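Quick heads-up: it's one chain on its own, the form predicted on its own, in structure tokens.
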Amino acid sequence: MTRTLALTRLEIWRQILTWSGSWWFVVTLAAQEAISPLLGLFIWTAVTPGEQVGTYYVALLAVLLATASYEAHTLSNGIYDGTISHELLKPRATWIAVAGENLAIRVWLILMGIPMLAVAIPAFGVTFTATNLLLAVPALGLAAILRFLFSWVLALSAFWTERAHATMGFGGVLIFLLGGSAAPVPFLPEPMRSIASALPFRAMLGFPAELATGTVAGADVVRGFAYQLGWIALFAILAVVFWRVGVRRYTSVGG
């Protein structure tokens, strides 16, 4: 475990340095992540004036930046062009390289997102309480794990199809529609609200933002954490199974 943590820490640092040479590209990624919450912020604050909607979408912006996952452009591309073979030959778990790059990109996105948050918070009169933020922190950590596992599972479709990017795109649409970006899940009519609350997409985005906003309390908080843990367990199992089956059928030629 100590060796794995040390290797993961080194990989994160290596990837942070690698991505420092592509800061301009990270800016475009941060802008891409910010589009949907900023649009929601402008639209829903006009439709439903009030501080909580603005607070929700500013919190959602932070959640999107902290949980962004691009395994469709890292892991699946590595499978397609054969560079995953290099990682398979190294004396360490392959997930360390993928997770290290994922976390390094998130570090850069958060750094790039700080100016956006610094402008949005006073511009929309957003306020957070310390209690709500402390409650949202563990939910944000679980959301980051869940979104990475979800992205990992979809990216592994590259072992079976040449359309892994389309699969990831479809997953992104589901996250946008049902995760709380298009509209806060509590705003959805029944029975869609109950269905969306139980699906993994709110657990990735909307739930941490709702906790930070203070719009979820009591038994709903416990239920939200239970959904996050349950979906993490399911996608962790799927990630392990799909990886083992996919690697068995993987072949590479050339040098």
Partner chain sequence: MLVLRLFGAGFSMSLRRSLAHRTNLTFDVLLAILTLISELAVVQLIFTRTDDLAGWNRAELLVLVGTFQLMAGIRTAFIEPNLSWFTDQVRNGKMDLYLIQPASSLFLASLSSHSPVALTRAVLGLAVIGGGIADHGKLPTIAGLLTWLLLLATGTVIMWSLGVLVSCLAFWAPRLELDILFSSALNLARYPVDIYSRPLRIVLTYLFPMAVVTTLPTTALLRGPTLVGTAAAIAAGAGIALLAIGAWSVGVRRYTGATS
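Positions refer to the first chain, counted from 1. Since the model is a prediction, treat every value here as computed from it, not as a measurement.
Missing here is the form predicted together with its partner chain; even so, the following discussion is about that form.
Checking Val173, Leu88, Ala130, Ala118 against its partner chain in the predicted bound form, a heavy atom within 4.5 Å turns up for just one residue: Val173. Taking a 4.5 Å heavy atom cutoff to its partner chain in the predicted bound form, the contact residue among Ala182, Ala93, Leu135, Val107 is Ala182. Comment: 22 to 30 is the region of 60 to 68, 200 to 208, 221 to 229, 22 to 30 lying near its partner chain in the predicted bound form, near meaning a non-hydrogen atom within 4.5 Å. In the predicted bound form, its partner chain lies farther than 4.5 Å from every heavy atom of Ser194. When its partner chain is considered in the predicted bound form, Ala166 lines it closely, a heavy atom lying within 4.5 Å. Using a 4.5 angstroms limit between non-hydrogen atoms, Thr161 touches its partner chain in the predicted bound form. In the predicted bound form, its partner chain lies farther than 4.5 Å from every heavy atom of Val216. Residues are counted as partner-facing when one of their heavy atoms sits within 4.5 Å of its partner chain in the predicted bound form; in 175 to 197 these are Phe176, Leu177, Ala182, Ala183, Phe187, Leu188, Pro189, in sequence order.
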